[in-house]
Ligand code: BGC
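First comes one chain, alone, set out as structure tokens in the form predicted alone.
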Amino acid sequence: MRMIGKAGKAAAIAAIAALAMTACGRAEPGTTSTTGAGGFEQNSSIGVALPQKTSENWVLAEKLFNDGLSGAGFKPDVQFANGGVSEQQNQISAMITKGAKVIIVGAIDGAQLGTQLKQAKDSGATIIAYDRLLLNTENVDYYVAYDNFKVGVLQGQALLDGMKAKKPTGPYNVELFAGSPDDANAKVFFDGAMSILKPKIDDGTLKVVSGQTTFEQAVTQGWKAENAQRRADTLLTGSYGTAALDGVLSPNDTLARAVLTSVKAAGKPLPIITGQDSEVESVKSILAGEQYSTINKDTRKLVEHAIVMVKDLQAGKTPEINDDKSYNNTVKTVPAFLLPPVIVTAANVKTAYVDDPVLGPLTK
């Protein structure tokens, strides 16, 4: 069971608005959910509850949802909960009061919204979990995300591939970093990576010098760069006096850059390090030969499909799903539409973003 995260961006926003005007752009056809909807007025309010602005993809999502939903004829109510869980709870309650027909939730903590989600369902709203699964509740209808377990698998394999390319034979000294424990995706990323890495730890190919191999030991509260850098400082001081650090599993780009900052400050050679989200500075870092990899999870496509789901619901249609088995939130298996993540390294960085209006010019 999986439990499941400028000016140049104007073109991206315009593109998503245009895409949202149609029902096209769906990825591979899949199975069909049995959860239906009766339809509603096209100019209805649509709530979008987002977490803190901790990475570029969330900031972009806010603008894409506002423009895309408006372009499709809806009234968007897009809110960030920079003040924490209680603020997000209040924002969802306000969306219900305003009569939102659909509430799209990118949760700070997917296990702490049960009361608000029940209120939303009682009001007749449809709930779509966006990027992060909503946990411990029956009051969630759909989940739209990139395949987060696959993200971890790609990260784990990239770490092995990068170290082998740099040093053909092991053993390799590595350290493991994970995301925030209140984000349902963080454990899924970690479990996906460990499905690749744990056998290599067990057979001695990989050595976690600090001994910190569990998710609980590897977490980074709040996905904050300063927390990752502080832990990296401690690990380097305590475990790598004379030992080389060959590789680091990092769950996203922000934390990868924080770890690299720590390594540079310690005067150590840079390790192979993974990431996720294709942040501008990390794409530059890959081009410069520092960060080894990232994951391309095009936010435009994710927002686009969330809006396609809203359009289907408004028309009284059943939204398309392609996974009805993998994402059990402890109460129900949530019908999901999963998009495929793409690994990006120096080998494909110049072609991976050809259609991206922000990242494409960086790689030319």
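Keep in mind it's a predicted model, so treat the numbers as computed, not measured. The first residue of the shown sequence is 1; numbering continues from there.
What comes next is about the form predicted together with beta-D-glucopyranose (BGC), which does not appear here.
Participant: Answer yes or no: in the predicted complex, does beta-D-glucopyranose (BGC) come within 4.5 Å of a heavy atom in every one of D191, S195 and Y327?
Facilitator: So, no: the whole triplet misses beta-D-glucopyranose (BGC).
Participant: Within 4.5 Å, heavy atoms only: does K297 come near beta-D-glucopyranose (BGC) in the predicted complex?
Facilitator: Because a heavy atom of K297 falls inside 4.5 Å of beta-D-glucopyranose (BGC) in the predicted complex, the answer is yes.
Participant: So, D277 and beta-D-glucopyranose (BGC): in the predicted complex, are they within 4.5 Å at any heavy atom pair?
Facilitator: The answer is yes: D277 has a heavy atom within 4.5 Å of beta-D-glucopyranose (BGC).
Participant: Under a 4.5 Å heavy atom criterion, is F40 part of the interface with beta-D-glucopyranose (BGC) in the predicted complex?
Facilitator: Residue-level check for F40: no, no contact with beta-D-glucopyranose (BGC).
Participant: Answer with yes or no whether R132 is in contact with beta-D-glucopyranose (BGC) in the predicted complex, where contact means some heavy atom within 4.5 Å.
Facilitator: Looking in the predicted complex, residue contacts with beta-D-glucopyranose (BGC) include R132, since a heavy atom lies within 4.5 Å.
Participant: Since the chain is shown here on its own, which stretch among 202 to 210, 71 to 79, 179 to 187, 165 to 173 would lie within 4.5 Å of beta-D-glucopyranose (BGC) in the predicted complex, judged by heavy atoms?
Facilitator: Contact criterion met by 179 to 187 only.
Participant: I need to confirm a contact call. Of N322, S55, N66, Q314, which residue comes within 4.5 Å of beta-D-glucopyranose (BGC) in the predicted complex, counting heavy atoms only?
Facilitator: If I apply the 4.5 Å criterion carefully, the residue I get is S55.
Participant: Does anything in 201 to 226 come within 4.5 Å of beta-D-glucopyranose (BGC) in the predicted complex by heavy atoms, and if so which residues, in order?
Facilitator: Heavy-atom contacts to beta-D-glucopyranose (BGC) in the predicted complex: only W223.
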